[in-house]
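Here we start with a single chain on its own, the form predicted alone, put down as structure tokens.
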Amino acid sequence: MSDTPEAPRKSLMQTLELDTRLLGMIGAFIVLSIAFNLLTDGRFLTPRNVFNLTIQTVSVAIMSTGMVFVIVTRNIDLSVGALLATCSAVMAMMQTQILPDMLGIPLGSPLIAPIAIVAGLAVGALIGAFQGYMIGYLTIPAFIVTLGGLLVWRNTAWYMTRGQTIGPLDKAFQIFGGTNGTLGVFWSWLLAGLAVAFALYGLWSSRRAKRAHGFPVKPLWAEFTMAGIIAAAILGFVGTLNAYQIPTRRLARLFETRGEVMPEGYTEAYGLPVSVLVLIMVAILMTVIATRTRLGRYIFATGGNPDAAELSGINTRMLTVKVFALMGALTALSAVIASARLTNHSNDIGVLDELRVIAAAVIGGTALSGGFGTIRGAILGALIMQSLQSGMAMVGVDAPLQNIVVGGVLVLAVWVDILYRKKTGERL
């Protein structure tokens, strides 16, 4: 007979220890997907559309993870779309003009993409830190600082490129864009297997730690159920992406560039995009920061009660600088994804992204009053937003009406969140 008590449960969701907020968002996403699939005669849930949906979500999703920290600390950042344009312009100019003309490094050199990306990340982090300094140390409201940044950085990007489209970008740089950079079937399945193994190990180690400290644990059937759900989600997602075949004409061109002839009947699938892999890595890193580091504890403590956090010894001013610097770096990383997907820098890149990012974080459950938010919720919020826009576009809804619907959904999400907090007793 085991000495470790099993926790008493009243319902299936409590037994499985499911997050009702997250479960509600997943349910909304499933309902949305089924509805659009019916309205588009089965085209919405095809492997091709799922692939496109994932690579379209990545840029906003990466920024939304940083926006969680910004909003949790009771701030806001309205400049991310404009800052993305500036970082994109910097990286495009580095690849096409500065490195080739000034330093003699030709386009196509293995040094081009890494140097350009590092330059973009540095610019994003420095601008973010500068805005954080004005907010934290000069005590200028974040709304004003970032609203000014929206105007400043959007037009800085325009002056850097003189309003011109800069491209094509380096081939190695384009790997981060989606169809130009995928892992293929074998490596995608291998990564899926490793992800399942890692997830199962996490469940097992968590159970072992609870037993070691005498805490109640879930019944074994509940553990196996959760393991099955996680494994099915990972393998189903990767299987769907692996089912999307590269068009025959594109394959033929790839063979031609290598000086080869494509065998008759040859097929090949895209697999997991590199950009999605980058998002997964960012999600893991940001989750670790939020839940396992001192910085994460300070961020949520400051958002919960800024005065108490400062009295306890937290340097809230420097914390603000760090949070906005991180937001700037993540925005620059999103600029890599966005410009690589377009294969060039365009003058309108990132337009309205600030609203999409804030909406993704809020729909994902981040409290505008500060103190609460999750990385997984923000990413799911970004996926819901992109699914809504993509679905409406496939149905034939005009762009103005799409924005009206998205705005309405945002207000509805905040209202539902308020009702949820009142019901559960969480701070509004």
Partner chain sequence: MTTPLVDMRDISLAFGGVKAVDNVSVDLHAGEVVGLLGHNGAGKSTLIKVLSGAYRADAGEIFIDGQKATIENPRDARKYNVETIYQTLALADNLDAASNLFLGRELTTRSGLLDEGRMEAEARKIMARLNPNFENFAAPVSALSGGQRQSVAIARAVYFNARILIMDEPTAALGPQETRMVAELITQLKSEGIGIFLISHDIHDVMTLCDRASVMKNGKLVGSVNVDEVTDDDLLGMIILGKQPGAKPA
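Numbering follows the first chain given and starts at 1. All values derive from a computational prediction rather than experimental measurement.
One more form of this protein, predicted in complex with its partner chain, exists but is not displayed; see below.
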Could you spot which one of 277, 314, 191, 175 gets a heavy atom to within 4.5 Å of its partner chain in the predicted complex?
314
Which pick from 294, 258, 208, 162 sits with a heavy atom within 4.5 Å of its partner chain in the predicted complex?
294
Can you pick the stretch from 258-266, 77-85, 286-294, 109-117 whose heavy atoms fall within 4.5 Å of its partner chain in the predicted complex?
286-294
With the partner left out here, check for me: in the predicted complex, does some heavy atom of residue 371 sit within 4.5 Å of its partner chain?
yes
Examine residue 305 and determine whether its closest non-hydrogen atom to its partner chain in the predicted complex is within 4.5 angstroms.
yes
Mark residue 223 yes when one of its heavy atoms lies within 4.5 Å of a heavy atom of its partner chain in the predicted complex, and no otherwise.
no
Applying a 4.5 Å heavy atom distance criterion, does residue 300 contact its partner chain in the predicted complex?
yes
Judged by heavy atom distances of 4.5 Å or less, which residues of 198-234 approach its partner chain in the predicted complex?
213, 215
